[in-house]
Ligand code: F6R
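In structure tokens, the next block holds one chain alone, the form predicted on its own.
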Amino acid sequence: MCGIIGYCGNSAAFKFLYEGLKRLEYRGYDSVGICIDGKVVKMKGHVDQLNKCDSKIKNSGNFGIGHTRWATHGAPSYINAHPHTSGYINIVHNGIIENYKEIKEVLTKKGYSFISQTDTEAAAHLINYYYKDDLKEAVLKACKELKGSYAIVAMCEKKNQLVAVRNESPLIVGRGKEGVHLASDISAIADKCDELFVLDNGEFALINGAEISFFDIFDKPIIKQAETVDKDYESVSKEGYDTFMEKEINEGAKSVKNTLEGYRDKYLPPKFLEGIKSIYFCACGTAYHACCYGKKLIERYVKIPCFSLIASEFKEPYTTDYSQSLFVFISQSGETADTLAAHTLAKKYGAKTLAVTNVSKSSLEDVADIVIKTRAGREYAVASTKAYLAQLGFCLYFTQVLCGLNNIPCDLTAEENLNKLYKAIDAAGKMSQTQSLAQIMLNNEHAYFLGRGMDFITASEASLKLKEITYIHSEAYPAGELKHGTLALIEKDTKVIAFLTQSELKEKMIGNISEVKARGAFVTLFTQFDNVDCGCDKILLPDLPDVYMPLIAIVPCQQLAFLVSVAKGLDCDKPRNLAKSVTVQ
């Protein structure tokens, strides 16, 4: 989940490394480091720490590498930060070296000393062990011994060149007017490049001045065609907001509108969906909650078997024939390791696959049969907000397509309905009652979120947002399950946030709220039904048909988490221990 940057050109490297790392900081921000012409600077903390570098570093050499870290092996510290050094060799690395302990044991016997707790240091020493004045040869030999998923960029202070390799972790090489750029994400370098090369698994790149050559593990040359670069990448700007999260919450309606309007005349190929007898949605975290919404929609309207799977739990299945199944993989980044592993397994057993991503040139895009983009725009805050809404928008579109193919009347994406939806999302983010609820939540150590049906999906996502950025312990439960154990946790003044937006579940949900109130809970209810009286605080949502309410009810909960986080003095954009893109299993 770390970010890698590299530069080799005719200008001072520091500027490009720093700007690239700022754009990659969503991938990790435990520690940061750079190496320019063999001079290493690294430290614990965010990328801004690099501003402490003296002018000698900022104005020095014209080739270098950089890294922003999310810790896997070893705690965040100066010692564990990248780049890692061995002799004249410096490397940055993203991924997991699975056999690093074995490598460490062998190299220790050969006289190498290890000072960090990282797996990366083993790779650095291994490259150094094979280095005989040829960096390319040393990296090739080392990679034949490395096991795991990794992207590595190596440099040698004796040579004005970089060697990069990709194995299951993304790495991109671009060429622009001021030199050659490398990054683990296109957004870090897109505006600086005129042509782009996406490394495939097992591919290496040698950057020697302005020259780029590609080869495989056997040192056989590879001819790669340059891709044109989409320059339409948003700048890393908060546009007047204090935080990215607040900005992105306020872009929720826009992200849904851009997504759905982008699909208007670009339907999925009917032949691709022919013969599908079942659908599996698969994802992690917030995207998994979008999967649950998609499952509910398809069950309600299309009435074919549909399942939502947590990607990390989808291992060798008991059902080994998915030839009549469609797997829909949802991932904001398209780089989620568990989702990619689940995709590999689904393809192994014959499934058709559809990827739903928000980022171009992603690993998931490379492997899926068909790719559908959400159009949320770049999302920099770790806690997903507008991208989640765009994923829910995709689910509306996908259900509409399936209804059309099966001649089922459906107006989910009728223009009149969608225009009302966009306005309702905007209004839901501006409710003053959310401010009052945030003040109540400030001193709470625990909170419980309750809902039924689609409301349980909203409760799950709302709970995740609160715990992600406020560090308040929160849990979501299907309201009907309270009596089966959870009710034991409810006592006087326990904070409960309930959702009631589904008409057919109204009476049952009112009963569940009465159950927690009878045990002393302090309840706040989100609902669009003005005539519901549960004897508790009520926040009235814009009134739309039940099926659209998950897109509306989640917005004030995103706002709630944001307000509590800021009031507690926390960094809502970069919560502790988390990163935006989870590229390790």
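The numbering used is simple: start at 1 and walk along the sequence shown. Nothing here was measured: the structure is a model prediction, and the numbers come from that model.
Missing here is the form predicted together with ligand F6R; even so, the following discussion is about that form.
| query | Quick one: is Ser463 in contact with ligand F6R in the model of the complex, heavy atoms, 4.5 Å cut-off? | reply | No, Ser463 stays farther than 4.5 Å from ligand F6R in the model of the complex.
**Report entry** Proximity of Thr374 to ligand F6R in the model of the complex, heavy atoms at 4.5 Å
**Finding:** No, Thr374 stays farther than 4.5 Å from ligand F6R in the model of the complex.
Practice task
With heavy atoms only and a cut-off of 4.5 Å, decide whether Gly285 touches ligand F6R in the model of the complex.
Solution key: Answer yes; at least one heavy atom of Gly285 falls within 4.5 Å of ligand F6R in the model of the complex.
| message | Can you tell me if Val153 lies within 4.5 angstroms of ligand F6R in the model of the complex, counting non-hydrogen atoms only? | response | Looking in the model of the complex, residue contacts with ligand F6R do not include Val153, since no heavy atom lies within 4.5 Å.
| Out of 286-294, 319-327, 402-410, 432-440, where are the residues with a heavy atom within 4.5 Å of ligand F6R in the model of the complex? | Residues of 286-294 come within 4.5 Å of the partner.
Only one of Thr458, Thr353, Ser474, Ser333 has a non-hydrogen atom within 4.5 angstroms of ligand F6R in the model of the complex; which is it? Of the candidates Thr458, Thr353, Ser474, Ser333, Ser333 is the one lying within 4.5 Å of ligand F6R in the model of the complex.
Looking at Leu389, Ala383, Ile189, Ala122, which has any heavy atom no more than 4.5 Å from ligand F6R in the model of the complex?
Only one option qualifies, and that one is Ala383.
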